[in-house]
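Just one chain is shown here, as C-alpha cells, and it is the form predicted on its own.
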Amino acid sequence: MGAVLTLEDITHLKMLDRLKSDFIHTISHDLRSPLTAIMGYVELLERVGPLNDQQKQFVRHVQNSAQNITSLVNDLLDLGRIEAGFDTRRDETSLDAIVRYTLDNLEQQIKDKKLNLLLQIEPGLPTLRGNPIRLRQMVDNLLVNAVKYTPEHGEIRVELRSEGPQIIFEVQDTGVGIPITDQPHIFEKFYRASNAPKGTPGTGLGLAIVKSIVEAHEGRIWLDSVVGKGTKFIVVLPVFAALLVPAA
C-alpha cells in the first residue's frame, strides 16, 4: 500500500498560452483600423453614384462580412481584457434588472420565432458586487444563444433565485442540444458544437467570454444538455458581501 505523486512542469504551456493571447490581442487591435476604413468607404459608394441591383448585393455582402469580422475582433478584445484582469470595476448591481432589460431587447426575436418564454424571478433578490457591463454581456450571450438555437414554437425557461449567499441564474431551452463529446470543450475559445445548424452565425467566443466573466466574479458555470431536447446553463454568483453581515 502506498501513494504515488506525479509532478509536471507546465511553465512552457503557460508561456505558450500567454504568447497566443498576446498575439491575438495585438492582431485584433491592428485589424480595427482597416475594418473601419472598409466600412466607411463601402457606405460612401452609394453617395458617389447610383448602384445597380447586383452592385447593391455585393455591397451588402461586404458590409455583412466586415460586420462579422468586427464582432469577432470586439469579442477577442473583450476576452483579452477580462482574462488580463483589466475589468476591475465593481458596483452594487441588480441581476434581475439586467435579465429583464435583455429580455425586453429580445422580445421581437422571441415573437418572430413564436417561442414560449417562461420567466421566474424570485422577488426581493439580493444584489451582486460586480461589473454591470460585463454581467449584462454574460446575460446577453446566454439568452441570445437560447433564442438562436431554439426552433420555432420552442420554449425558453429563465429562472433567477437566491440560495444562501448565492444567486442562481438558469437558462434552459428546447433547442438542438449539445453532444456529450462536445460538452467538455464548449467553453473553449472558438469551439462550436459539432451539431450546430449550418448557417447559424457565431464566432465561437460567446461562451468563453461568459465563463471568463463568471470566474472574474468568483462564480461558477456549468451545463446540462441532451441532444434533441435542449440545454440548460446554470450560473452561480456570490451576493454582495456587505449584505451578508448581520446587523449589530
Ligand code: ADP
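Don't overthink the numbering: it's just position in the shown sequence, from 1. Values in this document were obtained by computation on a predicted structure and should not be read as measured data.
The form predicted together with the ligand exists for this protein as well; it is not shown, and the discussion that follows is about that form.
Within 4.5 Å of some heavy atom of the ligand in the model of the complex lies at least one heavy atom of residue 149. Using a 4.5 angstroms limit between non-hydrogen atoms, residue 131 is distant from the ligand in the model of the complex. Under a 4.5 angstroms non-hydrogen atom cutoff, the ligand in the model of the complex has residue 177 among its neighbouring residues. Taking the partner from the other structure, the ligand in the model of the complex has a heavy atom within 4.5 Å of a heavy atom of residue 186. Residues placing heavy atoms within 4.5 Å of the ligand in the model of the complex fall in a single listed stretch, namely 141-149, out of 161-169, 111-119, 141-149, 90-98. No member of the trio 213, 216 and 240 reaches the ligand in the model of the complex with any non-hydrogen atom inside 4.5 Å.
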